[in-house]
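Below you will find one chain, with nothing else, as structure tokens; this is the form predicted alone, and questions on how it binds or moves follow later.
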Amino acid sequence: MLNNHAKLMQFFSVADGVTGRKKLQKMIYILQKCNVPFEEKYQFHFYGPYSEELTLRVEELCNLGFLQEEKEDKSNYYQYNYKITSTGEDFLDQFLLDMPDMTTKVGMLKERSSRFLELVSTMFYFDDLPLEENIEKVHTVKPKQNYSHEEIQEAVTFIKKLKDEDK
């Protein structure tokens, strides 16, 4: 059980802060699809793949004082920022985790918007489909996002780049 918490703490340590709950969900899912051994279960939700397990684990880590959650008022919504605490670093130091180096991937993901990561994670969710069907599916399940041809192509290139990082 604590092993999964420690894996998340390793992520937060590498990420050095994450802004946004949606972005956090998408980052962990994409890393999972890139063979980083996170074990949270995902299902398709309003904003693409979503894990209730991840939400609960993050809440537990905040309650334990291992993560700091900062709620920022953005006039019409709240944005949440997450950062590992020194107590969290101490907790992490007690584990010998067999985790691949995710520094480059995390950096690539942090640079991107939540909207873009929502597209990428949705494409990963339907990665069992041939590319053209995958793109069709994205337009079907995400019609309000109105992703352009350029955004789709950028996501395809980004996914390939992420997968090439594993080689």
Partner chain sequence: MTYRDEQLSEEKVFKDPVHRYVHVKDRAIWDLIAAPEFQRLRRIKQLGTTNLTFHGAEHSRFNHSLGVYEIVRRIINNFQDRPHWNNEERLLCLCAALLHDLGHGPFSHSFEKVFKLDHEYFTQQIIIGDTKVNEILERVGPGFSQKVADVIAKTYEDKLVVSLISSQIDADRMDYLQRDAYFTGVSYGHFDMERILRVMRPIDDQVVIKSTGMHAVEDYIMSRYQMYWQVYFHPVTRSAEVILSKILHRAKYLYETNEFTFKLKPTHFLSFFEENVDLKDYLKLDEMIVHYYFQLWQDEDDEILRDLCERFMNRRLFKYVEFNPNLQMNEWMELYKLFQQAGIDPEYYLVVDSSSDLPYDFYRPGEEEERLPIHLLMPDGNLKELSRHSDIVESISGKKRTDHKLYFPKDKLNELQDEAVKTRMKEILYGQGAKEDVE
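Only a predicted model underlies this, so the values are computations on that prediction, with no experimental measurement involved. Numbering follows the first chain given and starts at 1.
One more form of this protein should be noted, the form predicted in complex with its partner chain, which is absent from this view; the next part is about it.
Proximity of residue 50 to its partner chain in the predicted bound form falls within the 4.5 Å heavy atom cutoff. In the predicted bound form, its partner chain stays beyond 4.5 Å of every heavy atom belonging to residue 99.
In the predicted bound form, at least one heavy atom of residue 64 sits within 4.5 Å of a heavy atom of its partner chain. When its partner chain is considered in the predicted bound form, residue 133 lies well away from it, no heavy atom lying within 4.5 Å. Contacts with its partner chain in the predicted bound form, taken as any heavy atom within 4.5 Å, map within 45 to 65 to 45, 46, 47, 50, 52, 53, 55, 56, 57, 59, 60, 63, 64.
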